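What follows is one chain in structure tokens, specifically the form predicted alone.
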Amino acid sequence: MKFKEIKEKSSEFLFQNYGRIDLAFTHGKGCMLYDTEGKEYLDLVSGIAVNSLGYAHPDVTAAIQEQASRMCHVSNLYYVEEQAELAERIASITPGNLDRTLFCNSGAEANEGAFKTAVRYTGRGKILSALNGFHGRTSASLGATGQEKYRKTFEPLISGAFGYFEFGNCEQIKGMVDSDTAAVIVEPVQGEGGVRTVPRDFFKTVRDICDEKGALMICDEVQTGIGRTGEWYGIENFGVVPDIITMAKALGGGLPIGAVTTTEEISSVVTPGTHGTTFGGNPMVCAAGCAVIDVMKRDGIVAHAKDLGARWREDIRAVGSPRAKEVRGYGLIIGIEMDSNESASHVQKYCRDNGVLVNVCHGNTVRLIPPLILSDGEKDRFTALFKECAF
């Protein structure tokens, strides 16, 4: 189908809830995407941090094909072999004694499941989250999202159970956690908030105050998990083990999956009938997830992301652009804060016109979240374009 027809059908039959760029893609390979006109693009967005192993990875493709030939879906009324296999693999990469997993279909659903688990485990009614954070668009996850632009007009659906603190403010969080706090949810890096980072002592403070007050610490690893930051989970950069980790995006290698991982003790409160999902953890997505983790372990992908990302941030800083206020991130989640929304949009358009896809988030931050298999040559391609357009 030609691009014009795709656009016309989309305008006629779809909700118009996305501000779409005038591109449509037919296929991808590695870190490359190909549009309806046959033009090649280096993709540094990877489906918004989803395609961690790029496009059409042979191992992930083979796992999906093999599983599809046998069984895509079966009900959670029965034991599911592929679920058990993926849960075991998640336990092998997760810090501390977080070794019990609940599967769902997305990051927002994972956070909803984490909130329900925390409230049921503690018997308390309040969740604290960071201003400028993002946790999803379902009702409770939207309530935890500390950005008014996302919550605006949906207030009737949002519970009053949420309170908000300044990301990185140790004293404020100490004063907010009390005997009614079920959980504090944090992102190791605020992805949608502009790739915002804070000093490592903040997460230690959250851990300590949760322990002191009997609240649970939830780490939202939907964007930062499964190798993105150069560790399996972003929180590992800060030497802290939370009570619950939520994940999605990269775990399925392109297929929709979410997961809540916690301890045996905390998981025990989620008894039959208290939570569930029809599609969550079906054999197809779990087979893909197993392949993703296996490939990452075999090929040293997490260490590669750490090394390449560190060198890339230094390369970008060395460009010396007067329009770039700060370069932030860990591993292969990198934010270049520009001096204006217009500057960020200019970089995005210049790169796209030259066959490289980047994302702008929070208005003025150019966000780089490429496949974790990115090569040195591919990272250098962006850096050269940035040098041409960022002055």
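For every residue, the number given is its place in the sequence shown, counted from 1. Fair warning: this is a prediction, and the values are worked out from it, not measured in the lab.
FYI, the form predicted in complex with a small molecule isn't displayed, but the following is about it.
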Each of R196, E337 and N364 within 4.5 Å of the small molecule in the predicted bound form, by any heavy atom, yes or no? no
Quick one: find which of 310-318, 135-143, 278-286, 169-177 has residues within 4.5 Å of the small molecule in the predicted bound form by heavy atom distance. 135-143
Could you spot which one of Q223, T229, T261, S129 gets a heavy atom to within 4.5 Å of the small molecule in the predicted bound form? Q223
Option touching the small molecule, based on a heavy atom within 4.5 Å in the predicted bound form, out of Q83, S106, T181, T94: S106
Is D243 one of the residues lying within 4.5 Å of the small molecule in the predicted bound form, judged by heavy atom distances? no
Looking in the predicted bound form, any heavy atom of E112 within 4.5 Å of the small molecule? no
Is E236 close enough to touch the small molecule in the predicted bound form, meaning at least one heavy atom pair within 4.5 Å? no
